[in-house]
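A single chain comes next, written as structure tokens; it is the form predicted alone.
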Amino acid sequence: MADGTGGLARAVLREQLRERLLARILDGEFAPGERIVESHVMKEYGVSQAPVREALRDLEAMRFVESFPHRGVRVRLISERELAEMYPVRAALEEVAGRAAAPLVGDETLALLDDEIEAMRAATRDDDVHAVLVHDARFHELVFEAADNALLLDVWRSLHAEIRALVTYTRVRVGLTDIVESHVPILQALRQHDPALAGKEMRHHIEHFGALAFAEKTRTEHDDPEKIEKTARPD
């Protein structure tokens, strides 16, 4: 079962395949809309068809890929419009989670949140975007778990692909360090067990970077000379 890069443990083959394929999607090796061919993955990793199909099913459930009859599996294309529509929804969810988690969060979870920030910092130093995304997602997941609301957690998890895509899209404009350090005020608010402040920081975290992510596109459109000329020209 060796794949030439250290091998894949048989007992966790499906999970490791999923994570390796996910890393390649997030790193852009598999581009949006590109087909992931089962036989190629089987050959590359030296595995049978079953774990490849299972891993791809997992990625489809996470909304990173889509399968089409007679056309196979392709990386899901998440449009800028989808992201623009998603981030205010996520901001609202995050505020609810922060408010609910603040009075309930314990020392163990606070320590885990701190660990995730440190892991993001280490990944930033290594310029490991995939690792930053993994730890960023886990940070927020810990807050949602602390909120102790199963429906809220399920809704957040349903946005998994869009959330990671938004972080990837945002970091092109603002950089990984800014994204990572913006988690610190959230942790501080949770340590104070202040529901209003925790909710505010959670919402601000998403709204701030969501706005930055799309501000440049909006500015560029407004500054387009042809569009300005057309606007100024009388009908």
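Nothing here was measured: the structure is a model prediction, and the numbers come from that model. One rule holds for the numbers: they count along the sequence shown, beginning at 1.
Keep in mind that the form predicted together with the DNA is missing from the display, and what follows is about it.
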query	finding
In the predicted complex, the one of A31, V37, A61, V184 near the DNA [non-hydrogen atom within 4.5 angstroms]	V37
Location of the DNA contact in the predicted complex, chosen stretch of 175-183, 193-201, 64-72, 22-30 [non-hydrogen atom, 4.5 Å]	64-72
Non-hydrogen atom contact A211 with the DNA in the predicted complex at 4.5 angstroms	no
S48 within 4.5 Å of the DNA in the predicted complex, heavy atoms	yes
